[in-house]
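Below you'll find only one chain, the form predicted on its own, shown as structure tokens.
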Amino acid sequence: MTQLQNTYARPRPQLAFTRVCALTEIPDQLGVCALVGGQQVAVFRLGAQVYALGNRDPFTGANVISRGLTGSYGERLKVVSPLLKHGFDLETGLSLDKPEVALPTYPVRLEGGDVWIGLPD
């Protein structure tokens, strides 16, 4: 690797995974809120897939995303905030109404029937 390439290489942050709950404790097509590393995380289950996003609605400042309704927007899976009905892509966190706005997303791991959420260590 040349020195120029080293300049742009960034180490990946280590992730600390926290057990949130058993997968069966999250009703299918719905979300729950978990406190992970001091942050509220909205965790959604759609069949065998689990998604984790920030719980704070960027349009209102209220911690309500976990209470949102899930659905689809074309091929994309979404959650709709219960307050002003803004939609967010479950995979990327991007707002479907204003692409410059996004929710943070978190890595999810399923292990032994449990849901684990990763945050930078």
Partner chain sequence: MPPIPPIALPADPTCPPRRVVVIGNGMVGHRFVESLTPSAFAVTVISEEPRLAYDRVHLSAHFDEPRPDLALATEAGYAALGVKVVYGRAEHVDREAKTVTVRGQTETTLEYDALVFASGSSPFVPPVPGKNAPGCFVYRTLEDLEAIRAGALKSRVGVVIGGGLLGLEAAGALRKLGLETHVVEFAAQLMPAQLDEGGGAVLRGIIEELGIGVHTAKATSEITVEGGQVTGLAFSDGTHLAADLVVFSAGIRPRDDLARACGLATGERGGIVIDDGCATSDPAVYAVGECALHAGRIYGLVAPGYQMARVLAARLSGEDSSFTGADLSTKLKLLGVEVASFGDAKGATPGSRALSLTDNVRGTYKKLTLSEDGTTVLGGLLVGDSSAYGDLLDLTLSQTVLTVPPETLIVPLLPGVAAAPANALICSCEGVRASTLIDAVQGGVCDVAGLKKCTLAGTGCGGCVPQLHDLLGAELLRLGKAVDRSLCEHFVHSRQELFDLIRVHGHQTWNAVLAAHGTGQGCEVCKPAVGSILASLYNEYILKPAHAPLQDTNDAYLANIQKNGTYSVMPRVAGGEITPGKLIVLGEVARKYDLYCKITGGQRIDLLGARLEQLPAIWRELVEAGFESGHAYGKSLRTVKSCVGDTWCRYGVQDSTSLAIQLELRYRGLRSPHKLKGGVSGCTRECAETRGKDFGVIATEQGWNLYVSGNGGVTPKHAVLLAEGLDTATLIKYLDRFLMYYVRTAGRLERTSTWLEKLPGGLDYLRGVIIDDALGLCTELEAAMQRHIGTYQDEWATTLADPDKLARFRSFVNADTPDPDIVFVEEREQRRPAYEHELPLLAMAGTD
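None of these values were measured; they are calculated from a predicted model. Positions refer to the first chain, counted from 1.
Keep in mind the form predicted together with its partner chain is missing from the figure; the text below concerns it.
- Its partner chain in the predicted bound form comes within 4.5 Å of a heavy atom belonging to C21.
- In the predicted bound form, its partner chain lies farther than 4.5 Å from every heavy atom of E91.
- Although the partner is absent here, A48 lies well away from its partner chain in the predicted bound form, with no heavy atom inside 4.5 Å.
- Using a 4.5 Å cut-off on any heavy atom, the one residue of 84-111 that reaches its partner chain in the predicted bound form is K85.
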